[in-house]
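Next comes just one chain, in structure tokens: the form predicted alone.
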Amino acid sequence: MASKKKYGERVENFSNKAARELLSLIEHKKTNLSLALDVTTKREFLEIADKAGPYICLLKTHVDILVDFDQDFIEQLKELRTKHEFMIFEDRKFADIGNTVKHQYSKGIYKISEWADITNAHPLPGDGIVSGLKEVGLVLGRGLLLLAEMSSKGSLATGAYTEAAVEMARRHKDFVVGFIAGRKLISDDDKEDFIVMSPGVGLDVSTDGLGQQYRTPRNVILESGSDIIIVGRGIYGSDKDVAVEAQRYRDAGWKAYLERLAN
């Protein structure tokens, strides 16, 4: 069952700084939209982020696909975060042992922990992956999502695997703030709270021909009890007006949330 509590009311359920900031931001800005911005050049990325920024709570990045990544990109990204009041989620999908992910998170050319408020990981390697990331991120006020489900056709993240992801999150509640999943994974009877973010959201299409399956904001927020809709190409496709589409998805997601509260 979807949560009947307002985003702002749920802040007190979390000790994690990033989770508390995100829920407060959603309530303040009145948007549960995350933009998944998967373009490959710095200029296009920053232009789209600037246009969509007023309508989103979270900007989801795949920074390693940028062909011209540099430190200037990070500085401009931080400026946009401040200008438009959104948070940053680097969709890194860590999937290695604790010692390795600790270095992948904090070092190399990307230094993700320095600028990403939230990142995510596959639970497949076991608790060590969370412990390694936590060692770096917790002191910086970062948060982690576990990939409990995926929106692609044929995903193996189902059943017992999803249940194991929930149990892992419960063991690391100070750092794991929620899940990538298609639905709310715990009942309102549970004393803990986790933020659920759902990819594969579209208003105009049902599939992309490459295995991605789309649901509407209403399906995701009202019917499935998720908290944040993740939208990509539906906002910045070649024939799209980014600001218009971002506002359209923002409005659809928030309308579904208000309907959820009223039911």
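Position 1 is the first residue in the sequence shown; the rest follow in order. All values reported here derive from a predicted model rather than from experimental measurement.
Although it is not shown, the form predicted together with 6-hydroxyuridine-5'-phosphate is what the next lines describe.
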Of the candidate stretches 228-236, 23-31, 215-223, 48-56, the one with residues having heavy atoms within 4.5 Å of 6-hydroxyuridine-5'-phosphate in the predicted bound form is 228-236
Just to confirm, with a 4.5 Å cut-off on non-hydrogen atoms, which of L147, L144, I129, L185 contacts 6-hydroxyuridine-5'-phosphate in the predicted bound form? L147
Partner proximity in the predicted bound form: K42 to 6-hydroxyuridine-5'-phosphate, non-hydrogen atom cutoff 4.5 Å: no
Spell out, yes or no, whether the shortest heavy atom distance between D91 and 6-hydroxyuridine-5'-phosphate in the predicted bound form is within 4.5 Å. yes
If we define contact as a non-hydrogen atom of the residue within 4.5 angstroms of the partner, is T162 a contact of 6-hydroxyuridine-5'-phosphate in the predicted bound form? no
Could you confirm whether A36 comes within 4.5 Å of 6-hydroxyuridine-5'-phosphate in the predicted bound form, counting heavy atoms only? yes
If we check 6-hydroxyuridine-5'-phosphate in the predicted bound form, which of the residues in 155-180 reach within 4.5 angstroms of it by a non-hydrogen atom? I180
